[in-house]
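As structure tokens, one chain now follows by itself in the form predicted on its own.
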């Protein structure tokens, strides 16, 4: 009869310790998140109204609403996503499906993306000001701000989509090739739906970074708080408006809290919509197959 080896004191003590550390980390992160959200809601909820969301800012933002700021933010994010999604997904597909990993171009692009993902936003702002505003002659405009944010989002989106494509089993590709299915059909019907979780994660991280960005937009989209009429107009984003009210405008704290609450709610709505659209696309492609 084989005797069962008794558990050592170290293992019996280490397991509860590890569980305690894990639960402590979860509670710490959850508590910090709840404290932050409760502070924003407590100070900003009283500012929320239809007038606050639609009216023009008055008295340098101390009163009035954030209507033009909301429109400018939507246009900036629209330009950012309209440029970054096709380029990001296309680059990820090229690196993972049409380029050998050992080729110097793939390795160079991979290293460049990893470096760009860690570049501070202020550097992107200076680059956007020098290239988009001055070299291309776009000036301080919504278009300049959106293109600068697209440059910031691209490394995250490409790497997340590439990771999603790499997680797809190679048997899918081999089975499709054996059946004579074209590579474009395999990409659209099989690979992209299977890699959709990675694409959604990249989009959420990119949108979160773009919509809350301040430093890069100060040098590209500008400070103007009037209603924009085109992409070439200067526009103030929500994050820039919060920064201005909290730092430069005495007595603007209440409207800053209200704007911050709107920014958080907008981010939650966008995240939920992107997640729902990603699942919807995945289910539709699978049903088509």
Partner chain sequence: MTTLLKRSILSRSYGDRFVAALFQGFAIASGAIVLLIILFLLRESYPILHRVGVLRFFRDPSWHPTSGEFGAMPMLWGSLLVTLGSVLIATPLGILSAIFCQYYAPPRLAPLYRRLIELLAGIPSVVYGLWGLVVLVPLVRRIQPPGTSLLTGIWVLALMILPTIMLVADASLANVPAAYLRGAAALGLSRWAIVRGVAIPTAQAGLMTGILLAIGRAIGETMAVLMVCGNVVQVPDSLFDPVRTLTANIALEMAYAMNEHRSALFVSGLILTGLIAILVTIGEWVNRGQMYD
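Residue numbers count along the first chain shown, from 1. Keep in mind that this is a model prediction, so the values were computed, not measured.
The protein also exists as the form predicted together with the partner chain; that form is not presented, and the subsequent description refers to it.
**Q** Though only this chain appears here, would residue 218 touch the partner chain in the model of the complex if you measure heavy atom gaps against 4.5 Å?
**A** Answer yes; at least one heavy atom of residue 218 falls within 4.5 Å of the partner chain in the model of the complex.
**Q** Using a 4.5 Å heavy atom cut-off, state whether residue 246 contacts the partner chain in the model of the complex.
**A** Because a heavy atom of residue 246 falls inside 4.5 Å of the partner chain in the model of the complex, the answer is yes.
**Q** Under a 4.5 Å heavy atom criterion, is residue 36 part of the interface with the partner chain in the model of the complex?
**A** Yes.
**Q** With heavy atoms only and a cut-off of 4.5 Å, decide whether residue 187 touches the partner chain in the model of the complex.
**A** Yes, contact at 4.5 Å.
**Q** Output the sequence-ordered list of residues from 221-240 with at least one heavy atom within 4.5 Å of the partner chain in the model of the complex.
**A** Read in sequence order, the lone residue that approaches the partner chain (within 4.5 Å, in the model of the complex) is 239.
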